[in-house]
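To begin, one chain is listed below as structure tokens, in the form predicted on its own.
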Amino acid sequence: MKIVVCVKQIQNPEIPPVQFRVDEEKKAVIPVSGLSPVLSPYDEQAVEAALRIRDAAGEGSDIEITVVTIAPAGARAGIKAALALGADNAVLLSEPTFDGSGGYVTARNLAETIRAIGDVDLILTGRQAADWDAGVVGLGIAEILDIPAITFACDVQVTDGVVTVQRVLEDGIETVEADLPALVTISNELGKVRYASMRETMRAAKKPIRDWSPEDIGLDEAQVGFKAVRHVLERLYIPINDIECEYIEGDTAAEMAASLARRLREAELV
């Protein structure tokens, strides 16, 4: 059985807000100097979900877990982190032509990569990336590959060619089944991600990472980068917080309430 986990490396979401910078002219986030990117937390849980499926299959199972990501050639921290958790191998789409493509093109690139890997039974992604929070890539992959998709999973099990998923709703949990191949997006309710063991961390250095170009996945440069973008980013900026607070005074609660009502009428809010 082949499981592919699609992951994204992002700027560490735990950085202090004062260190977050945006280049408004280039409409891009400025990376914090000296700080390595990390796996998006939801994608970490997608890796964990794959490992739990393999654990449930028992010792000697033939489950292979492949991590796929789009990242610069030198930014392998996220891949190494996934391999150290226990994934078997990875595919890296690192050519500059892959950069800046947006949700649809990213989904297309990942879908064609999965096709190129071949005979993939289950695809796992995070419910959304923790930087842009769009949540469209996973479902885009499923649409392009024409396979079932189940979202917001907090538990994933595979038995006899069927994936059984408990998915999170606003008011509870529902159980959904789908025949394989299928795609599942993993939510934070899956629970805590395991720590990388010393054994797997040492093994990760020797695990294969395939570096693929657009040609390797059957696409040309016009289909993978800026030329293929289907959205327009009008502006990227950090909003200015200029909220002012006015204290309503009065000797009694009734006087303060009357003053508040008067100010609200003056501001034409009531």
Partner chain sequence: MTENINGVLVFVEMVDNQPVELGLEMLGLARRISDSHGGTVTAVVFGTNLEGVGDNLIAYGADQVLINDNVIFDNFHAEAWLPDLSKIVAEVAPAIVLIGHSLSGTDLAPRLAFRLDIDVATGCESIEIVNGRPHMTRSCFGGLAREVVTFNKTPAVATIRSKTQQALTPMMERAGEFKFVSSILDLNSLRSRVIKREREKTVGVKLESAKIVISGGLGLGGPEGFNTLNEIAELVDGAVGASRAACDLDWCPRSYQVGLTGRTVAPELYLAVGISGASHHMAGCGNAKTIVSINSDPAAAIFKSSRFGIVGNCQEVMPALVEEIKKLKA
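What you see is a predicted model, and the numbers here were worked out from it, not measured in a lab. Residue numbers count along the first chain shown, from 1.
If you look for the form predicted together with the partner chain, you will not find it shown, but the lines that follow are about it.
Of the candidate stretches 50-58, 230-238, 210-218, 64-72, only 230-238 has residues whose heavy atoms lie within 4.5 Å of the partner chain in the predicted complex. The putative spot formed by 98, 197 and 223 is not touched by the partner chain in the predicted complex; no residue has a non-hydrogen atom within 4.5 angstroms of it. With the partner removed from view, the residue among 116, 168, 77, 193 that has a non-hydrogen atom within 4.5 Å of the partner chain in the predicted complex turns out to be 168. For residue 156, no non-hydrogen atom is located within 4.5 Å of the partner chain in the predicted complex, even though that partner is not displayed. The partner chain in the predicted complex is approached by residue 140, whose closest heavy atom lies within 4.5 angstroms of it. The closest non-hydrogen atom of residue 89 lies beyond 4.5 Å of the partner chain in the predicted complex. Within this chain, residue 189 lines the site of the partner chain in the predicted complex, having a heavy atom no more than 4.5 Å away.
Within 4.5 angstroms of the partner chain in the predicted complex, the stretch 243-261 places a non-hydrogen atom from each of 243, 244, 245, 246, 247, 248, 253, 254, 256, 257, 258, 260, 261, taken in sequence order.
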